[in-house]
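One chain is shown next in structure tokens, namely the form predicted alone.
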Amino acid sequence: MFTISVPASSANIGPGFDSAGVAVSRYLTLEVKEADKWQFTHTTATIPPVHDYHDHYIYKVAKQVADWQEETLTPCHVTMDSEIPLARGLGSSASAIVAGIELANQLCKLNLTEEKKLDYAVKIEGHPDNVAAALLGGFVVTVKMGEEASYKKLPAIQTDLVVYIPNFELKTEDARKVLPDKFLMKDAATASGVSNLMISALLTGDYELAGKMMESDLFHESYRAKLIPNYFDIRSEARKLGAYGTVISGAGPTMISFVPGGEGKSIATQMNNLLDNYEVTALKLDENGLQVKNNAPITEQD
């Protein structure tokens, strides 16, 4: 029938706390075929097995969207492949949400707009930063005011990415617990200014300044650093190799460096030699976001 592909995402990007997100070139892929009954097949160990399809997260999301639209899902066989590790700060749940929404969109022929897909994603996820990046691709700035989420996608950022994925998980709720409940007005104003300047620098192509502002966050990084082994070493060594800036990816424990275009693989190789128990890899910003390909049946040719 069709194939759904959704990129991973990294949120916060230093001072862009709960607002900035980027789509990165790792993917959750769903190959969907007609079937008499629901079935989910996982092709990678990244996704734990689910024995009853009613308990499958993507099915739950698709069912919720269908219910909102007062439609009924038709059964199908979904083969899932994922390159996105769970609970590592690369938006695995956001990718699953976007995939589930698109599954319902395709099966029920809903013709949902981009805005409606994001609206549903935010209702399910609770915040827009990861889901907006996964849906739209690229570098996306969002804000949620009340029940409404607004967003703007930046022009393409001309950098490579290097990600540092440790072999342990960090739950978002644990990373939230270390954050302060309140900020003084003067501190909040400074933190907001850092974020504003980072976005302005990205828009004008001043990646050196953007990286400096990424590493000047006052909202969350200093509090979460103690939860992430090698936090300061990774930032320091990456900077020596030419990285513009290195930040926590989402709530962590993965970290991500923005590096000069074309240098990602070289920097990743050198950083990999310094870090045990980490997967260090070069990635790209994914500018496409959610993609759907209709799988035309193969016919015999005369």
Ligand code: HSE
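Please read these numbers as outputs of a predicted model, since none were measured by experiment. Numbers for residues come from their place in the sequence shown, where the first is 1.
What comes next is about the form predicted together with the ligand, which does not appear here.
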Of the residues 153, 127, 116, 212, which one places a heavy atom within 4.5 Å of the ligand in the predicted bound form? 127
Of the listed stretches (129-137, 74-82, 187-195, 153-161), which one has a non-hydrogen atom within 4.5 Å of the ligand in the predicted bound form? 129-137
Using a 4.5 Å heavy atom cut-off, state whether residue 264 contacts the ligand in the predicted bound form. no
Residue 176: heavy atom within 4.5 Å of the ligand in the predicted bound form? yes
Quick one: does residue 255 come within 4.5 Å of the ligand in the predicted bound form, counting heavy atoms only? no
Can you tell me if residue 11 lies within 4.5 angstroms of the ligand in the predicted bound form, counting non-hydrogen atoms only? yes
Residues within stretch 216-231 having a non-hydrogen atom within 4.5 Å of the ligand in the predicted bound form: 224
